[in-house]
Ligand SMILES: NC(=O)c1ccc[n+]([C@@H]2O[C@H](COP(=O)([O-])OP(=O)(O)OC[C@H]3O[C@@H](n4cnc5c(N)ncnc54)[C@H](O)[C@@H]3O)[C@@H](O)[C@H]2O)c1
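The form predicted alone is given below as one chain in structure tokens.
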């Protein structure tokens, strides 16, 4: 097992992509510390801490619990985030501020507090989204936070190298809950399907491993090729319908 006795820290690990990441590292023999808003039970090789990553005191408690173990951190995965709307929903500034606190400030703070307690050749992996560089309307809160996290990724790679590698993964459409998908949903992806949390977890484990030892400061898009498809009006049966100006 590649991560036997390694210490892994994951935020937002209770469900979806985060849970798949936690499970993947546990399967590789790692010892995992995780924080999530949801309450859960610790288990063998897993310390589950309930807390709100937007709160300074909760982040400090999380870090203190990690440091109490007297073990150095091998991998930090900044995954926690919630979708936040924007202009069309008249989302208030305070909600935008909280989104950025969760999606970018909390990762920075955890990196700041834990980087000195990392081993040589440790790895930090930030979970972005393809929405960091392409958008739908009314997604400003989420896009701003993910964009900031992307910038933090390449800046931190320079600040922490060569001791620590810092990379990001930008997932596309990942089916985190059971739902009915149409043929069009599947075929708009060149690979012919939407993604699974396991697709992302495998990439996280790879980036954390020695096999990725020459990769840092990078953002890897994992979206089944969806963002590479160029579509014009009336192309492949797709039509663009104008709407009223929401400005």
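Predicted model only: the values in this text are computed from it and were never measured. Positions refer to the first chain, counted from 1.
We do not show the form predicted in complex with the named molecule, though everything after this point is about it.
Put simply, residue 17 is close to the named molecule in the predicted complex: some heavy atom of it is within 4.5 Å.
Although the partner is absent here, residue 80 lies within 4.5 Å of the named molecule in the predicted complex, judged by heavy atoms. When the named molecule is considered in the predicted complex, residue 218 lies well away from it, no heavy atom lying within 4.5 Å. Remark: residue 165 does not count among the residues lining the named molecule in the predicted complex, judged by a heavy atom distance of 4.5 Å or less. For the options 203, 37, 63, 46, the one in contact with the named molecule in the predicted complex, meaning a heavy atom within 4.5 Å, is 37. Of the listed positions (123, 84, 129, 153), a single one reaches within 4.5 angstroms of the named molecule by any non-hydrogen atom in the predicted complex, namely 129. Shown alone, this chain has one stretch from 107-115, 72-80, 155-163, 88-96 that lies within 4.5 Å of the named molecule in the predicted complex by heavy atoms: 72-80.
Residues 171, 172, 173, 174, 176 are the ones in 158-181 with at least one heavy atom within 4.5 Å of the named molecule in the predicted complex, listed in sequence order.
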